[in-house]
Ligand SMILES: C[S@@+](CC[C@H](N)C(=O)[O-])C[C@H]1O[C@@H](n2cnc3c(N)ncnc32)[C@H](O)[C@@H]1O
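Just the one chain here, laid out as structure tokens, in the form predicted on its own.
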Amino acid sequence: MARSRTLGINVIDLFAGPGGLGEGFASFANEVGRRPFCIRMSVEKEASAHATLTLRAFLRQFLEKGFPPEYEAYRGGEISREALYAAWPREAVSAYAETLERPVELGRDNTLIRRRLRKILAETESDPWVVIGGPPCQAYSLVGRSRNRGKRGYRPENDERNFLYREYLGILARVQPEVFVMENVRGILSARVHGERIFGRILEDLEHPGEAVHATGARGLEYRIHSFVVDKPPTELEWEDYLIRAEQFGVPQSRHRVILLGIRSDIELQPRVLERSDAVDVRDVIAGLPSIRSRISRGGDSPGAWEYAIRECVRECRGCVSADVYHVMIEKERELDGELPIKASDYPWVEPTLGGGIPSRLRAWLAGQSNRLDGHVARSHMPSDLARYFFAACWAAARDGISPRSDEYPAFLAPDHANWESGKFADRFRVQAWNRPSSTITSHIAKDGHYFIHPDPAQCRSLTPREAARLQTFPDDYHFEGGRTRQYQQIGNAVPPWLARQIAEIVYGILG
């Protein structure tokens, strides 16, 4: 089975999203500055994520010589995407070939995937392969399972999302890569089907993917499943040993995910594990971005209307909040002048704006190759939510980053939610603390910003897509296609690229 390397290490990225995991692999450079990983195929079904993925595949071809000037013009809205690709047709054709020309769904478009696999496998017979990716997590996540329990007649064994990992198995059986990396949410460890935890079955299937999918040409294919964080042989690992806490590895976010490292059984080695690093705080990552105010979604937007909503909140809170919180509210009210810009188009070009606490390698990674900033545009909020955000951010500023619970809000700020006083959603409004990693950036940020309130009360808003992307460690030169909702979804669902780059280094140690 063993293959000798002649051209590089080929990568297939499944359920790729906007390319967070793939970005880490494709951008990794070895000790002599060579990038050994080549992404040969990326599979993604959502149209906006696929467009983002294609654009990044296009740009990767310019890593050595620098991004073309047309890309800066595209990000600034000066030319269309079609004009960008027309300026560099060869690179555009290569990018579309990598992402299969269009959005593709594993399990439904397998003929197209098999055709592409046959072609690239024939071109790279002697080179090693790595399969990466994470099957969609809605059926495994704690939030998703809670929603499913509320669906009449829902049965986990009938939910095809519980078994999408089998499509991953099919690719393993066909390609027989030396290494695979599979990512999923923490909830996969406790998810049950037919009353039994499904994770044990997933591990067994990944160890013997050929037998699991009845692939006659891969009956003897076997893998050992290693941990990226616990240095023990697979036979000694507990399930929790597969859990990676991203904040322990330089990601400015408390993101806990299960990531498995599969090594084909004919490769005899114990891989090294990730090296821990100091925590990176929210302040270091987003405090230097231009200050912007949210827009008002109802009743007409204007600086005056925005300022009035905040001043009314301060007036109503007089006498009904503790002295320390009210002191911060008064101080922040004095900073209001109604002149904060509405959107980042006022700042199309920016200097690197990263805090001094960021390690130099992460700083260079986040800065990327461009000094144009996009995606730093605030969403609109109702005046009542503006007041809640202002109160919550002032509370957090007075209480070392701790957000108020529902029973700590003044009565006039209580939202019209049936469960507000039940205790079930006591932390519905959550402020990101300046002095620690953020909470997990999830796709829920696309629905509302209540869990992702900016820590600066004067800005009175939720995080922008660019701020969320920085907390996910996407470089500033990474452009997300689609509207703001789609951008949030892509960012929230991705693997942090900086963590992926560290994972790629471990994989290179196995194959390099």
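Please read these numbers as outputs of a predicted model, since none were measured by experiment. In case it trips you up, residue 1 is the first one in the sequence shown, and so on.
Form predicted in complex with the ligand: not shown, discussed below.
**Q** Residues G8, C38 and R116 are flagged as a possible site; in the predicted complex, is every one of them within 4.5 Å of the ligand by some non-hydrogen atom?
**A** Per the other structure, none of G8, C38 and R116 touch the ligand.
**Q** Does A279 reach the ligand in the predicted complex, with heavy atoms at most 4.5 Å apart?
**A** A279: no, not in contact with the ligand in the predicted complex.
**Q** Is K45 a contact residue for the ligand in the predicted complex, using a 4.5 Å heavy atom cut-off?
**A** Answer yes; at least one heavy atom of K45 falls within 4.5 Å of the ligand in the predicted complex.
**Q** Would you check, heavy atoms only and a 4.5 Å threshold, whether I296 touches the ligand in the predicted complex?
**A** Because no heavy atom of I296 falls inside 4.5 Å of the ligand in the predicted complex, the answer is no.
**Q** Heavy atom to heavy atom, is P136 within 4.5 Å of the ligand in the predicted complex?
**A** Looking in the predicted complex, residue contacts with the ligand include P136, since a heavy atom lies within 4.5 Å.
**Q** Using a 4.5 Å cut on heavy atoms, which of A398, I198, V104, A212 is close to the ligand in the predicted complex?
**A** It is V104 that has a heavy atom within 4.5 Å of the partner.
**Q** Using a 4.5 Å heavy atom cutoff, which residues in 8-36 contact the ligand in the predicted complex? It's fine if the answer is none.
**A** Going through 8-36 in order - heavy atoms within 4.5 Å of the ligand in the predicted complex - the hits are F15, A16, G17, P18, G19, G20, L21.
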